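In structure tokens, the next block holds one chain alone, the form predicted alone.
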Amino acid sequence: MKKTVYLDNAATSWPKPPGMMEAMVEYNRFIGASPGRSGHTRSVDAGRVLIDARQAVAKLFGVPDVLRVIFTKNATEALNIVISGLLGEGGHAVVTGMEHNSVMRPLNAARSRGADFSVVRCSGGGELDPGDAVPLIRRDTRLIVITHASNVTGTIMPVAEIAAIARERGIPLCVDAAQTAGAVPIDIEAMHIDLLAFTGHKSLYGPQGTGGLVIGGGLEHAIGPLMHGGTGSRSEFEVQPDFLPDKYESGTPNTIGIAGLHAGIGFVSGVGIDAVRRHEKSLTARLLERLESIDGVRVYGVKDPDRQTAVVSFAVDGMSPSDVSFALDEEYGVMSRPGLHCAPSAHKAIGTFPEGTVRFSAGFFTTREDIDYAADAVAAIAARGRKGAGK
């Protein structure tokens, strides 16, 4: 049987810790009711699932008020709440050149409604000079958005420096932590993050369809809800509640998924994010070392485990990323992601647009043996490509 190596954790982590599935099965078997919609025991128990998960998120990110943790179905929804809410009636935003389409598409939608945004150019390694953001700030700038780490190169962005610039000017800072929540330590108060968007199915080892937004004090007055509807509270009124978290949590929540997310966070907290980070840095160092030694392979990004997550993008001379990724999967059982990774701006910054790259992304369950096996597979494919090109 062909060996299987999963290196697509930047899209969705796999495998999940056993406790995640067990928590979801237990919820469905013993609770199964809607939280906050009824007064019976199981509804109360379902509500406790949300409260416990909210507390776990708050503890993980250093959030002083658990009610400021809003559950969404992913980081994309959280980012849409922020961008639509702050730029729905115009205004200006500053973003980086490494953003995912979960930021760029809502911004372009806001632009079509009369808002505007400016992009801070990034280097070929995906790095950002914080000083380059300052000239782009205008009198009507209402928001600065920055990815914590690129999903293309893994480059970790200077959030603290950008936060200082935003704080000095009284501009809310929104951080997209889709690639870092659970893999890199985050403390919203110490880092002066006003808005934190996160997803549950990557390094928090929860299921798909889970995520959230941490919203800073007072910003709920400036940010309208993306959706309106039933919340189980103030049902006598036909207008949206104005208090947290209900203002942003319309409709029956994904309680079974949030039970799984809570278990995933419990796993990460038990291992310790510092331990996760050390393991992934070690894997990244090995992967960079191996890939950079292969003739005909070009590696992109800062190429420094201390300054990136466990995401490594590369290309093989003479072969398209999709062909390389297909061969890796079909012949060697190595699972990767080719193309533009829903981040065309980032690929333009590093010079790989429109073809994109092949992306390897390790996780906590990835082993050194997995990395060596995948690198050997790339070497074999690259050698074959060189041989074919020499004919």
Partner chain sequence: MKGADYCVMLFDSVSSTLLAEKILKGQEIPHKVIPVPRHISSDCGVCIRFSLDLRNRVEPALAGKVEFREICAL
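Positions refer to the first chain, counted from 1. Everything numeric here is computed off the predicted structure, so don't read it as measured data.
The same protein has a further form, the form predicted together with its partner chain, not shown here; the description that follows concerns it.
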Of the residues Leu244, Met104, Ile188, Val120, which one places a heavy atom within 4.5 Å of its partner chain in the model of the complex? Leu244
Within 4.5 Å of its partner chain in the model of the complex, heavy atoms considered, which of Met335, Leu60, Val66, Ala327? Val66
Which among 361-369, 318-326, 34-42, 336-344 is in contact with its partner chain in the model of the complex, heavy atoms within 4.5 angstroms? 34-42
Is Asp52 close to its partner chain in the model of the complex, meaning a heavy atom pair under 4.5 Å apart or at it? yes
4.5 Å heavy atom contact, Arg234 to its partner chain in the model of the complex: yes
Quick one: is Arg48 in contact with its partner chain in the model of the complex, heavy atoms, 4.5 Å cut-off? yes
